[in-house]
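The data below hold one chain only, encoded as structure tokens and taken in the form predicted alone.
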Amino acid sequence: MSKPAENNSENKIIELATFYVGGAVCGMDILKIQEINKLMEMTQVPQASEYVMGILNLRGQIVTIIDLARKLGLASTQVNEKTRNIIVNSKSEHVGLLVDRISDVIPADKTKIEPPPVNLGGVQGKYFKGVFKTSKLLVGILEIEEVLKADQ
């Protein structure tokens, strides 16, 4: 009888990989992340959306790199030694999200995730599925498929 209860409590916890975009702390389900790496040499794509930085070859896979800050309506990410690509799988395509820096992985109780405010620190709220409060931070949880949709 204790097994189902344990499984039930485990299902309420989500591991959030957190990172900084602009001044905002964002997070996503760690299971959606394939890998995190430093910015590598990329090829620019003519006539691509302003937030598409280019494409790169990652071990034979073509990866589109998106400046997450630009996509969210913020100023462009300033590339430096802390800048990273978060590689995610989206509908059988690999996409890299350029972020300012990586932070911690935090466990989040799904029952304590609140709806996102319409405007989350200047960032468009439609890209977030919720916010999670820690003792020190307010983490905006990205709706990654919404972020990766082409502009309508």
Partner chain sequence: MGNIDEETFQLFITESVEHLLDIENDLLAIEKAGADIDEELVNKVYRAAHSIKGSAGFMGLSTIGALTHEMENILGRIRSREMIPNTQIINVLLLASDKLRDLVKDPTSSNDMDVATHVEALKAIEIETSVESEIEEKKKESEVPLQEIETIDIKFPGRDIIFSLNKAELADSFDEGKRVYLIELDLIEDVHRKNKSFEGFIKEITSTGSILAREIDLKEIGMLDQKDLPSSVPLIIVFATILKPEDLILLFSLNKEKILTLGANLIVSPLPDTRKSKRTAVKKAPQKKVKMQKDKKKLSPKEVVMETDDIIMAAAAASTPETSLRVHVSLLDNLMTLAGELVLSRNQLLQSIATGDKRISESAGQRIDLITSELQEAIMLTRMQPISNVFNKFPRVVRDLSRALGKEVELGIEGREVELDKTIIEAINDPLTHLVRNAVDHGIELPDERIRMGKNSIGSIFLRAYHSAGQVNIEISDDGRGLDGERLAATAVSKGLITEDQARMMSDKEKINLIFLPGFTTAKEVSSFSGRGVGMDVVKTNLDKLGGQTDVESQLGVGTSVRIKLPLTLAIIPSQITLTGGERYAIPQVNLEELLRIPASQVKDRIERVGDAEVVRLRGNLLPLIRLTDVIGARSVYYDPNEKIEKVDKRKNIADRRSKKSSILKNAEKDKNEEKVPDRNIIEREQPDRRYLAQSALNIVVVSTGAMKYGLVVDQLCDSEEIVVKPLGRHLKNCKGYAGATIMGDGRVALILDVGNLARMAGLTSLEGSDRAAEVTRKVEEERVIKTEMQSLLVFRSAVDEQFAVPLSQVERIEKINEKMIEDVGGKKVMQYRGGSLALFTIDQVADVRPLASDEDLLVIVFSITEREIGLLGIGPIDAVEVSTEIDETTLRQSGIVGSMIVGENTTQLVDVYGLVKTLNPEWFVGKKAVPSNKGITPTILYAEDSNFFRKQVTNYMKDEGYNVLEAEDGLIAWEVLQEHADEILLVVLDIEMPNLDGFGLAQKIRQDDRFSDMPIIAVTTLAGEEEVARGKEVGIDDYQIKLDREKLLNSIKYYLASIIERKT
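Numbering follows the first chain given and starts at 1. Not measured: the values here are computed from a predicted model.
Quick note: we don't show the form predicted together with the partner chain, though the next part is all about it.
Contact check for Ala69: no non-hydrogen atom falls within 4.5 Å of the partner chain in the model of the complex.
The partner chain in the model of the complex is not approached by Thr111, whose heavy atoms all lie more than 4.5 angstroms from it.
Proximity of Glu93 to the partner chain in the model of the complex falls within the 4.5 Å heavy atom cutoff. Residue contact with the partner chain in the model of the complex: Thr64 places a heavy atom within 4.5 Å of it. Taken together, Ala17, Lys126 and Phe132 are entirely out of contact with the partner chain in the model of the complex: none brings a heavy atom within 4.5 Å.
Picking from 39 to 47, 23 to 31, 102 to 110, 79 to 87 the stretch near the partner chain in the model of the complex, with a 4.5 Å limit on heavy atoms, gives 39 to 47. In the model of the complex, the partner chain lies beyond 4.5 angstroms of every heavy atom of every residue of 15 to 30.
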